[in-house]
Each structure stands twice: as C-alpha cells, then as structure tokens.
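First, one chain by itself: the form predicted on its own, in structure tokens.
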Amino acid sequence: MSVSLAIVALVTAPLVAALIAVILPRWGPWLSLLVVAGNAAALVVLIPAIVSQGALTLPIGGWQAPLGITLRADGMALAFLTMAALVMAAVLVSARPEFGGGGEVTETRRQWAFWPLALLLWSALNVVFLSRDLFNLYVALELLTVSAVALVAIDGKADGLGAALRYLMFALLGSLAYLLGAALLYAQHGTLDIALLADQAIGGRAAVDMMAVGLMTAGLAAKTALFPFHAWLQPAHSGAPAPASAMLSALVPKASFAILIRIWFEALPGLATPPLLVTLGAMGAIAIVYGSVLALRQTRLKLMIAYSTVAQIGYLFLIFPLAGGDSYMQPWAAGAWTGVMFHALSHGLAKASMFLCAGLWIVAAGSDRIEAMRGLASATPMIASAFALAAVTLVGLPPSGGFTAKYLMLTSAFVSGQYVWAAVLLIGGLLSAAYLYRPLAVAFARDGDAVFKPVPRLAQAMPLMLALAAILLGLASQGPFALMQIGRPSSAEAGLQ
C-alpha cells in the first residue's frame, strides 16, 4: 500500500463501508471489522513514512489549494488517527453482542442503524484530523455531528430523544457560528486553506479576522462541550448506549478541539491576545472544578463519568495561556503544546474504556446506580482492572499517559511563572481522585449475597485493552512524543502572539 493510498483509505474505507451497511445491514458488524483492519494497515504504512520523511501532503485530484483540497498527515494527525482507531476498534467489537453480529437475522432499528452511523462518524473523524481546508473541516464536522446525534437517539426512548434534540440545538448554533466565521475569512482572504491563510499578512483586516476567528472559536467550544457550553453532554451520555457514549466522550470533542488548534496555532496565530488566552484558560479552569464537583455529587455511574468529561475537557484549553504570552521565543510553549496533546490522547483512551466498563457493569448489575455495583469487582475482575487503570490515567498518576501530560503542563506552568494554572492542574487531579475513588470502592467492597449477570470475556477485554494503551502511552512516551513533533507548527514552540 502506497502512502497516498493509505491516506485515501483512512477517509474512504469507513465511508464506503457505511454506505454498504445501509443497503446490507446484516453485513454491518463484519464490514466494521474490515474497516478496523484496513485502518490499521494504513497506519502501519503511514507512521514509518512520516517518521522518515516528515509530514506528507496529498492534494485531492492533483489540484493544489486554493482550487483543490489538501490532506496533510503530520505527527499530530497521526497521533489522533491512531487513538481514534484504537477506540473505534474496541467500541465496534464491544457493540457486537448488543447491536447484532452473531449471524442472526434482525430487523430492529438500533441494530440496523448503529453500524453505518458509527462508520460515518469514524470517516468524519479521519477527515477532520487530515484536512487542511476550513470549509472541508466544516463539512466533516457536520457529518460527525449528525452521526453523533443519531447515535444518542438510537434507542428511541424519551430521554434519548430529548438529549439528542438538545445536542442538536447546541451543535446547530455552533455550526452557524463556525460557518459565519469561515465566510468572513473567505471574504477577506479568498481562501480557506490553512497554509495559505498562514502565509497571508493580516494588516488592516485584523478586526474582521478577529471577529471571524472569535465566531469560529465560540462555535467549536460549543461542540467541544467547554463550560458553559456543556449542557448537551451529560444528558447525551445518559440517554445513549454505552458504545455510543464511548465515542461521544473520547472522540467527538477531540475533533472540534483539533480544529481549534489548527486555527490558532497554524492558520492565524498572530491574532492571539493575552486577554483572549486568559479567558479561554479561565473557562477551562472553571470546567475542571465545576465538572469535578458535580461528578462528586452523582449517584449514577454514567452521569459521573459524563461530568468527568466536562472536567477533563477543561484541561485541553489550558494550552492557550500556557503556550501563549509575549512575542519572543518561549521555552515552555512546546512542552505545554505537547502536554495537552498527550492529555487529549490519554483521555480519549481512558474515557472510552470507562464508558465501556460502565455499560458492562450496568448489564451485570441491572442498574447504573453506583451502589448497585457493590461487589462487582469479584464477578468482573477484568472490568474492574480496566476501570482502575483508566482512573489512574485520568487522575494523572505514573506511569500513565495522563501523568506525562500533566508533568509537561505543570513544568510549563512553573517555568513560565503561571502558578495559577499549576494550582488548577493540582486541584483537578485531587478532585479526580476523589470522584473516581467512589465507584472503585463500591465495586471492590465485599458482598457475598450479590448476584450479577455474566458478561462475555471478549467484551471485558476491550476496555482493558484501551486502559492498558493509556498506561503504555506513558511508559513508552518517547515514541509518541517524537511523532507529535513532526510537522508541529512553529507557534507551538515560539508561543502564540
């Protein structure tokens, strides 16, 4: 497989499989496995090529920007693509017992719709991570949103439909803001290609550009579920089946956040101002504390994990104050940028593992109330181990990828003298330990009278695989660290502004 074919396969294979699954629904589970294998083969080709040759670009149809659309595989894109492939592989395998996959003939809506929706979501994710055109990113983001909303409502229950409607309203407002900002940029610059925008001087058009990027940032913040735009996330998780929740939490917010990084660090880094960077960092800090406190108060497992996602997303936005500041070279900016990337990857793996664990525990206990899971660890040791390892990652304990992330961010905060953000990181870690201890304590408590339904071994192995991958991200951090430096924007080293 050539490098160009590998890039194309990452985008087209899930899309083609989704279309076939609509026509031949019983093929959905097997098509998903073929896509998992195809994506793995493409990544095996791409990662060594990028390590040896640097970032690779592919103009679609041979047309260069601005006439055509360019796909670019750099270190950040490959890291996110790999994380998405691991999560999707675990989710699709775990979903087979719930959504069909044993060869039986089924005609239920959820079994027919799940596979094409999941594959469409995967295709949209890959486009977001590879695309270099802001309008193409908008199209991919809308496909991602439509698929995610449909997955929330897939059971057809009242709470799921209500959650999907709320999610759709937030997503629609975010899309309108993003599209209006993109239209303003195109009117001023005549292109939406990220590289061409970066090459153009801002000059006297700074006010219009600031308005455009501000609108796009607000829209993407809503789609990322950053506080105070997070109100859609918790009901969406509680109303969706566990495999959909795993995708919604681990992958969907990362897509809109990746676009934010492309805009601010690659397309128009010169527009950043200290008040803006502090504002975004403050919103992230509030999200960390707010989400953690609400997670502490929850009595239902999925809602606790959902509020944890609100908190964990807040860490991502600390990249703006930690990698921002004055116009001279900043030795701490590169560490902050890489630390946040590590956090995004480790959170994606760990949070997907947690939601899959929650789904299996709910099946075993017959309830999603935390107290109903007393003694579950003895009945499902693999799930308990996966949940514990995922908790280690989210708290930021060694040797996990979460520890590497927080170490890099804390180092940047202390070196740059930004002690407020360092305090937020430490407080967030303590609060994470507090709310994650509760379900673990209940699960590992002794209860000889408890009776639980059996859970298939293969289903238990999937969340454990993801949790181990999050730990391995910290143990073998040198490889991912080096990969993410390939094609890294100069502003990630020099700092914003």
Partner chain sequence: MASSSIFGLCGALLIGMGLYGFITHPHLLRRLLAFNVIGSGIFLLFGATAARLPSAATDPVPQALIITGIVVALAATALGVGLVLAYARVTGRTTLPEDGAPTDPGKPPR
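Note that the structure is a prediction, hence the values are computed from the model and not measured. Residue numbers count along the first chain shown, from 1.
Same protein, other form: the form predicted together with its partner chain, not shown, and the subject of what follows.
Contact with its partner chain in the predicted bound form holds for none of 469, 482 and 489, as no heavy atom of theirs lies within 4.5 Å. A residue is said to contact a partner when one of its heavy atoms sits within 4.5 Å of a partner heavy atom; residue 214 fails this definition for its partner chain in the predicted bound form, lying far away. Using a 4.5 angstroms threshold between heavy atoms, residue 166 counts as touching its partner chain in the predicted bound form. In the predicted bound form, residue 290 stays away from its partner chain, with no heavy atom inside 4.5 Å. Contact between residue 192 and its partner chain in the predicted bound form is found at the 4.5 Å heavy atom cutoff.
Stretch-level contact check against its partner chain in the predicted bound form with heavy atoms at 4.5 Å: of 131-139, 400-408, 362-370, 239-247, the positive one is 131-139. Proximity to its partner chain in the predicted bound form, taken as a non-hydrogen atom within 4.5 angstroms, holds for one residue of 218, 183, 294, 382, which is 183. This chain is displayed alone, yet in the predicted bound form one of 37, 430, 451, 67 has a heavy atom within 4.5 Å of its partner chain; that residue is 67. Residues from 16-49 do not approach its partner chain in the predicted bound form: none has a non-hydrogen atom within 4.5 Å of it.
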